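Take a look at this single chain, the form predicted alone, given in structure tokens.
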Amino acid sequence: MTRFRPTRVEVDLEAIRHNVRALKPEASELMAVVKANGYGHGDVAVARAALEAGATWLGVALVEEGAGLREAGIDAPILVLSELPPGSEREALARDLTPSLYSEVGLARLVEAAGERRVGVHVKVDTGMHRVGVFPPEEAPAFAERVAGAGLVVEGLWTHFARSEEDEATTKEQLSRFLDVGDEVRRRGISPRYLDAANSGATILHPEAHLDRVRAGIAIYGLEPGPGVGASLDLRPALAWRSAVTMVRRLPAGEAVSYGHRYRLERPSTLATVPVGYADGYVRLLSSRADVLIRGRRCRVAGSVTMDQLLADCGDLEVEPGDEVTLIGRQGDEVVSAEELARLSGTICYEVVTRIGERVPREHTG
């Protein structure tokens, strides 16, 4: 379908490759997590770039996400990071997706769907995140025995850190619990190929957690798991969000603009209309707080972000329809980062990039 609106996301795949190479430990494999449409970057293109750069596994949240990668011709191992939903087991196995397991009901459903197949699974252990996983962790070895006894192959054990980007003591405690589980599983005669604990924060800050495989998500996109985490690796943000000015008008001091008239001009100013709004994922919390870049200058979002458009206060800057507008990314010497928008809207950069809507096309370069 022809695209007429100038609003788009640009994704630099060479930045993805650079980040994967920078993150991959010398002695461990790397799983590139491409759930949520590659954190808003486009999962198929990101997956291919990550594999080209040395990733050996992909991680998804949904069976549907894994199936989409298979339909695109990607044949690398894919781990579904949550237990398979009821009724999805046969589809997942037919697509050669690797299941996570952590409950008795999940085990029973998978055994039924597998039949005589020797399916490889990864047992998830809850070492302190308390979201999903075998808990308490001391019960994981016995669960792994039941998995193996049911005819499945315990290919991996994995866990997830709650605070790896900000708290060393908590992370070390979780890692110690996980390693104890791994030791006990091996004592029981089960030899998982993969022990996997390190998310992006731990991949960067805790080399002792690298084990057999690291599981990098936000960092492969060049975004920080926490403030300043990854600065030493020269991670490169892969995503830029751009649009263009569609209308320009000059207004006198004192005029109020947009819904609710919550933004009043303190001086005569040029207002630029930009065709992007909260329906695209540019949230209303950024109203009158965020800046966009036009002609290399910061221009404040003026008043309420509306569903399909926003206004930018350009002051005395000479602006014309068609001028490029950068919502996230670099323009000239100025940069608006996803982390900056996250701070202004009281969230994290993960949410900023993943909420960019489907009606914003992704254009991949590199």
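Throughout, we count residues from 1 along the sequence that is shown. Remember, predicted model here, so these are calculated numbers, not experimental data.
Although it is not shown, the form predicted together with a small molecule is what the next lines describe.
Asks: Can you tell me which of 280-288, 68-76, 209-217, 173-181 lies within 4.5 Å of the small molecule in the predicted complex, counting heavy atoms only?
Replies: Comparing against the small molecule in the predicted complex, the contact stretch is 209-217.
Asks: Find the only residue in Y263, W241, W158, Y102 having a heavy atom within 4.5 Å of the small molecule in the predicted complex.
Replies: The residue from Y263, W241, W158, Y102 that makes the contact is W158.
Asks: Exactly one of R249, R117, R193, R131 has a non-hydrogen atom within 4.5 Å of the small molecule in the predicted complex; which residue is it?
Replies: Result of the distance check: R131.
Asks: Even though the partner isn't displayed, in the predicted complex is V33 close enough to the small molecule, meaning a heavy atom within 4.5 Å?
Replies: Yes.
Asks: Is T127 one of the residues lying within 4.5 Å of the small molecule in the predicted complex, judged by heavy atom distances?
Replies: Answer no; every heavy atom of T127 is more than 4.5 Å from the small molecule in the predicted complex.
Asks: Though only this chain appears here, would W57 touch the small molecule in the predicted complex if you measure heavy atom gaps against 4.5 Å?
Replies: No.
Asks: If you check in the predicted complex, is L81 within 4.5 Å of the small molecule, heavy atoms only?
Replies: L81: contacts the small molecule in the predicted complex.
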